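Single chain ahead, by itself, as structure tokens, in the form predicted on its own.
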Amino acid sequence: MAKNSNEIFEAIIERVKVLDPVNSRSWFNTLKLKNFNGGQLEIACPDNQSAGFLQDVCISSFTLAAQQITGHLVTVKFGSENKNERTSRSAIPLKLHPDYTFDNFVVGPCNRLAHASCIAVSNSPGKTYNPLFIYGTVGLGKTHLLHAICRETQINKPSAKIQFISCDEFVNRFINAIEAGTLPQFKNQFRTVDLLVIDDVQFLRERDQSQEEFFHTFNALYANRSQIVLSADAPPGEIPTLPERLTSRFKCGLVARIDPPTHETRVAIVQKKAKLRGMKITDDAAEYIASKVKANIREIEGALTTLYALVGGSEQEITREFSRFALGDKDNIDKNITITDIIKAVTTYYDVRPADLQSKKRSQSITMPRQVCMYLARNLTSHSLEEIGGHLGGRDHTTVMHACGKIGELQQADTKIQAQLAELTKRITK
């Protein structure tokens, strides 16, 4: 492969990280260029799960990145480089998230029982804790554990027939089978598996026909000693309108609750998820994010996505003060930061004079640093719009508002501006 193709591929990966900060991961750097010819970019992934994740979730960002870097229409194709990897026997292809493994799950007092029971089920499906019922409110890691069970079962028993499906999808497929007259095929699909995993089983409520079908599916699998794993937002007995014959079966195995993570567990989650994204984050920053985000793990992921987008995928270390700025916690910003500090940092960075920022000059070389000053002052200090404008040539509050809006828009769209703001914030807050 020509060196120039590899350089293009590396540039595409870096652009993807900027275009799609939500789904960007550190393992993107392990992707390999398989072929780039005739407008088609073929990418080799570590395994089928990675390839499936990229195809389902990231295909648009990779396509856009490839077209932006090359300036040509490009189609993207993902495949596994692991030639010995076996494909699942599932009639519904398994779509497992590469991040959702047991190794990446942070264990704490809130989830220890659920985690241990999931590992036990993966090692001895159908023999230990059958059925396994995991419950807890949204964003606490239930789906993570379900993915991990499927992945580990595949590793331990490659020949296992696995079905992993949401309750909504189960219901919809059942309805479609009735309409299409394919109920025998539907029943065979779900009653002959070695492992059935259903997420959000609470959505079975008020669906009489689906409840009836699931009741018989459960009985068939249980009789065959096939493993059943279910998740819900409430324990079996508290799911509204679920018939007693189902709740009693759900409770006949192990019911494991997941509680909101403690502060220490949240800190560990921040550090683990930051590492998965290839982010450098200080212990103080992790402590701060854990203290700010208490509701659930999804909010932690949202906070990390914001930080990742701001640093633009660079290797900049994320500090506590930078996190405060990025996550909009102005009340806790260091009160020692002054507008003078910001003006000094900006003029040094852009090589302009303080007098230029306070002047009436409107050239781009002056206007841009001036607007950046206003934006940073608005976000890093508690000064009013009028006070900020006063420090920068007596400009009124509408001018400051316009400048903040303009830089805010550029920060979202321009990777160079993202990097500049990140570097300036680092210099000012260190």
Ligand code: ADP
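All figures in this text were calculated on a predicted structure; none of them were measured in a lab. Residue indices: 1-based, along the sequence shown.
The form predicted together with the ligand is left out here; the points below concern that form.
When contacts are judged by a 4.5 Å heavy atom cut-off, Glu152 does not count as touching the ligand in the predicted complex.
Taking non-hydrogen atoms only, Glu301 approaches the ligand to within 4.5 angstroms in the predicted complex. In the predicted complex, Asn104 approaches the ligand with a heavy atom inside 4.5 Å.
At a distance threshold of 4.5 angstroms between non-hydrogen atoms, Ala326 is out of contact with the ligand in the predicted complex. The candidate spot formed by Tyr100, Val138 and Ile269 lies fully in contact with the ligand in the predicted complex, as each residue has a heavy atom within 4.5 Å of it. Picking from 138 to 146, 287 to 295, 237 to 245, 176 to 184 the stretch near the ligand in the predicted complex, with a 4.5 Å limit on heavy atoms, gives 138 to 146. Checking Asn111, Gln163, Ser122, Gln227 against the ligand in the predicted complex, a heavy atom within 4.5 Å turns up for just one residue: Asn111.
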